[in-house]
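One chain is shown next in structure tokens, namely the form predicted alone.
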């Protein structure tokens, strides 16, 4: 089994265009979105691959990738900096015509085809970077081989992953994908494709070459749908267990973070035997002073709490002054919440400062985002 585990190269596509995330992705890729107090979204995608025995991982970058590069560094925190393992950053190909934005995954694969050619593993697992879930790719490989599949798509029946008007949905009969639909007003099929697939590496190189030569740009909309309808190749489905979080809007980002205040969801994603690694930042433990009151909150190291924090997530280095009250909110790194401030149902990006007695209260269903480095 170990042989099979090490026979997969991973490729993470961070090029999703996320206009719905507004200010949160103005200066960063969706993959670099801060999550759950001290992580970035890509940490969870990397954890899936590392715990599946994948030791060679390429990351396809697109515009706004500097914070992601800074986060990943040499790959040391993920133990991907040795001779037999590696993290390869694949920056966008820039030219006069190309401003570092791929039309779609197919374009990105074709531009980075040399990475696939240089890899020696038999299989390749390709994933999007804006979906949060747990999957063991060695199980996907096992099923892929048993069913003699050419390509295996990872899907979920979790209704939380469905979106009216967007998404990719699969009709599956006896394990085979027989139909696909894209961005339907109301999805007809209960299986949502999560943007991850497994295929023989050389077959993907061949398919990508031929698809691009015939003028295609989009992997699922052009190439996959053609494969499914023509039935020349065997396209299988692998059902992903557990909860799935699609991070594709401010609301879904807010809800995903808030879900981690729930023990059950934390247990799904953070297992003692399978940790989620992230970039280290040496900080003192959080300090609670005076009349501070904290309930049902995730508070990262380096925080100073002198006020009240309820049902919220505080990233590293947040300062909450006396008399300040934070409810149902996400406060990112190094924010300063001054005396008498009231914050409810808000997302404060990094290094935000709220001056004395400011009140920011949003409706629960429409959290407001305060952009990075703002003083209010």
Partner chain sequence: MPQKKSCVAMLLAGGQGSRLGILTRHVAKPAVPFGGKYRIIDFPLSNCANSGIDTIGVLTQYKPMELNSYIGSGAPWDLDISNGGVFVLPPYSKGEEGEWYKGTANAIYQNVAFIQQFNPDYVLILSGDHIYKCDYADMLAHHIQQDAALTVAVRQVPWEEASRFGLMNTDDKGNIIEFEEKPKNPKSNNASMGVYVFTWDKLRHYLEQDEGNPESAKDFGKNIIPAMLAQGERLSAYRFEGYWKDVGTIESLWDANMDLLSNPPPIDLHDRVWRIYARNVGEPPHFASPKGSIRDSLVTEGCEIIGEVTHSVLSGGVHVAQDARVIDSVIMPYAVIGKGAVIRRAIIAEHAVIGENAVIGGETGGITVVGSGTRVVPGLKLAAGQQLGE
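Numbering follows the first chain given and starts at 1. Everything numeric in this text was worked out from a predicted model, so none of it was measured.
Omitted here: the form predicted together with the partner chain. The next part is about that form.
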Against the partner chain in the predicted bound form, would residue 38 count as a contact residue? Criterion: heavy atoms within 4.5 Å. yes
Going by a heavy atom distance of 4.5 Å, is residue 282 a contact of the partner chain in the predicted bound form? yes
Residue 292 versus the partner chain, in the predicted bound form: is there a non-hydrogen atom within 4.5 Å? yes
The partner chain contact at residue 175 in the predicted bound form, heavy atom, 4.5 Å: no
For the chain shown here without its partner, which stretch in 203-211, 159-167, 244-252, 273-281 has non-hydrogen atoms within 4.5 angstroms of the partner chain in the predicted bound form? 273-281
By the heavy atom within 4.5 Å rule, which residue out of 316, 55, 350, 327 makes contact with the partner chain in the predicted bound form? 316
Only one of 235, 300, 223, 135 has a non-hydrogen atom within 4.5 angstroms of the partner chain in the predicted bound form; which is it? 300
